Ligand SMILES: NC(=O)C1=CN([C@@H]2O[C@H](COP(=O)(O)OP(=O)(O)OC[C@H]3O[C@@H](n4cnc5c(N)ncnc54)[C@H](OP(=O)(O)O)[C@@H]3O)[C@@H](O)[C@H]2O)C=CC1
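We begin with a single chain expressed as structure tokens, specifically the form predicted alone.
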């Protein structure tokens, strides 16, 4: 695959690393205004760094845009005359709709929206993907790219805002739960480093149990709760204090806020 990443900032470079480490590109172009920050990527041999977006588009088939939202429209205008039937346009820009992209470059292009989260930097992102009608023919290609850096899921575009809350904001929600578990472990006598290690790896194990087994969370809870035991007593106290309802209310509040921002 001939891939260009237009906008090699934190997200763009995380995607580049994921693709390169899995040998997912025959050639790659990285664009950025300040080339000094990305020169070291030339060590891969098949990577060209440039500040010329048009050069990158000319020599690539898959175009992944990871620029600031305020710059995206102008960059699309800058390169639209170079786009051909071979190009697949993949946007990672939050809030920039497919219809808006089509207005600029045309509905006769393969257009895909993606929403990775920050765990893409450790190849463990949950990335949601949607496309225009023509882009459906290339959706498996986009999923293959993002599956190299975690897991991807195709959803309707109208669910992208909700996915932003669950997957992107969700990283912060899970971090807070891990921090709370860490604090509890410290109170029980572990030092801070040990406490965080226990919390992180237990959280990771819980998620992987569900991923690997395909079971419902309550099934796994039943495996570790015994009558009159410490686990069920702890769970019930958490629920009495509003654990589940607080988390759900926080998710809904976050979604209401992102909906207001889009209307504004």
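Residue numbers count along the first chain shown, from 1. Predicted, not measured: the structure shown is a model, and the values here were computed from it.
Here the subject shifts to the form predicted together with the ligand, a form of this protein not shown in this document.
- The stretch from 174-182, 91-99, 137-145, 187-195 that comes within 4.5 Å of the ligand in the model of the complex, counting heavy atoms only, is 91-99.
- Although the partner is absent here, residue 112 is not a contact residue: none of its heavy atoms lies within 4.5 angstroms of the ligand in the model of the complex.
- A residue is said to contact a partner when one of its heavy atoms sits within 4.5 Å of a partner heavy atom; residue 241 fails this definition for the ligand in the model of the complex, lying far away.
- Taking non-hydrogen atoms only, residue 217 never approaches the ligand to within 4.5 angstroms in the model of the complex.
- Although the partner is absent here, residue 223 is not a contact residue: none of its heavy atoms lies within 4.5 angstroms of the ligand in the model of the complex.
- The listed set 107, 123, 118, 73 contains one residue whose heavy atoms approach the ligand in the model of the complex to within 4.5 Å, identified as 118.
- Though the ligand is absent from this view, in the model of the complex it lies within 4.5 Å of a heavy atom of just one residue from 253, 10, 245, 22, which is 10.
- Taking the ligand as positioned in the model of the complex, the residues of 60-76 that bring a heavy atom within 4.5 Å of it are, in sequence order, 66, 67, 68, 69, 71, 75.
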